[in-house]
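Quick heads-up: it's one chain on its own, the form predicted on its own, in structure tokens.
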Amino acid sequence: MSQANIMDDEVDIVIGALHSDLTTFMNEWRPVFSQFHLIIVKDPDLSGEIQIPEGFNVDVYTRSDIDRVVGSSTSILFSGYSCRYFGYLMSRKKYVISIDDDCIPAKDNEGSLVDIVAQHITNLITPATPFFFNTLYDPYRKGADFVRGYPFSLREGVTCALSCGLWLNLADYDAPTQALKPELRNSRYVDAVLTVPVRAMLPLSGINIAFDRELVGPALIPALKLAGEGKFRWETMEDIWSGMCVKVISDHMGLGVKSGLPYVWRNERGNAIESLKKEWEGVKLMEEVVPFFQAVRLPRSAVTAEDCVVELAKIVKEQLGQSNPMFVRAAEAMVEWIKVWKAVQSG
């Protein structure tokens, strides 16, 4: 998909700023981002002014903006990587692309710069196939099609609501894996996109994603916060929880989720051994959380993403809340998020 085919005025690029000097980051992305509107949300815990080079159409939001919009809410926390959710809240575009500030553009197998905007939009505007797996991956890509035996009744596919990109160099491993294999890096650029099957969960990484805000924007939720959460990706679980929420909701609403292209190049950050002490709580929680999301079913009366989040919050509180108060807080944050989302969208 060429740049000319992208609807410039329908795309917001959201960046959660955990570094004050974004000069190098922005200049690296200039060939890809310069024609689009950018939303940069400064981590409320970050000191110093955000430094951005000239030549970008950008709105910057800070703690004062968050306080003004969210008010006295204490359930929703926008610190650390969760600050980017405020950008989702403030966007008015159909498509949102979210990228972490420790990533730069990757190059494909031919040495060409990867245009993550073009690829994410392609993923979102072409159908997904969650109900029957196509062994040639994405049948809508040039040079591919549905294989023999694929039901013709399913070949129209469904609307894709979420595109999950990947990473070269420092892949999104958890702290235990990175601590055990400190030299492990991802150098494999796999030229493929696939639809995640219905009822299959996935560990969504907020490092490099895109979504249709009108369909599932409210379902991307800053809800689960670990007691010892830090400022490195492997010290957080907010995006993993958010991803399972949006996957359950997408399945319920008959929407698709894709994983694969596009890639970004992720730079080195943090100390896995130190982070392991903080993330261990999240590692253990996954053993309980994944079976819950695999089994949960939403009522037919829930027909919008907002309805689904509220219903899911009730089930979280009832079924998980008794085992850990963290889940009660997550359920409360989910309900509060929908109230704030509706207020902002109607304002």
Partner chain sequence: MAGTSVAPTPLLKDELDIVIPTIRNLDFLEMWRPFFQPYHIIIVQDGDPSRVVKVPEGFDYELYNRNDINRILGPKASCISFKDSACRCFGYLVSKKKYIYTIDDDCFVAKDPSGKDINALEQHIKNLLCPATPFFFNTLYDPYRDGADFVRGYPFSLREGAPTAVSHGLWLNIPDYDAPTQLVKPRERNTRYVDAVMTIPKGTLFPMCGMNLAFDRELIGPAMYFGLMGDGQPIGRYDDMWAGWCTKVICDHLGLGVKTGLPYIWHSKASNPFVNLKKEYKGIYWQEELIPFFQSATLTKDCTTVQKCYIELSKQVKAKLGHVDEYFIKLADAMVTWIEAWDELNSTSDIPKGPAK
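Positions refer to the first chain, counted from 1. For clarity, every value in this text was computed on a predicted model and none was experimentally measured.
Form predicted in complex with its partner chain: not shown, discussed below.
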{"item": "Contact stretch among 88 to 96, 163 to 171, 209 to 217, 248 to 256 - heavy atom within 4.5 Å of its partner chain in the model of the complex", "value": "163 to 171"}
{"item": "Complete contact of 131, 136 and 191 with its partner chain in the model of the complex (any heavy atom, 4.5 Å)", "value": "yes"}
{"item": "Of 124, 103, 114, 196, the one that lies within 4.5 Å of its partner chain in the model of the complex (heavy atoms)", "value": "196"}
{"item": "Contact assignment for its partner chain in the model of the complex, among 60, 69, 286, 302, heavy atom within 4.5 Å", "value": "286"}
{"item": "Residue 265, heavy atom within 4.5 angstroms of its partner chain in the model of the complex", "value": "no"}
{"item": "Heavy atom of residue 153 within 4.5 Å of its partner chain in the model of the complex", "value": "yes"}
{"item": "Contact label in the model of the complex: residue 236 to its partner chain, heavy atom within 4.5 Å", "value": "yes"}
{"item": "Heavy atom of residue 274 within 4.5 Å of its partner chain in the model of the complex", "value": "no"}
{"item": "Partner contacts in the model of the complex for 239 to 257 (non-hydrogen atom within 4.5 angstroms of its partner chain)", "value": "239, 240, 244"}
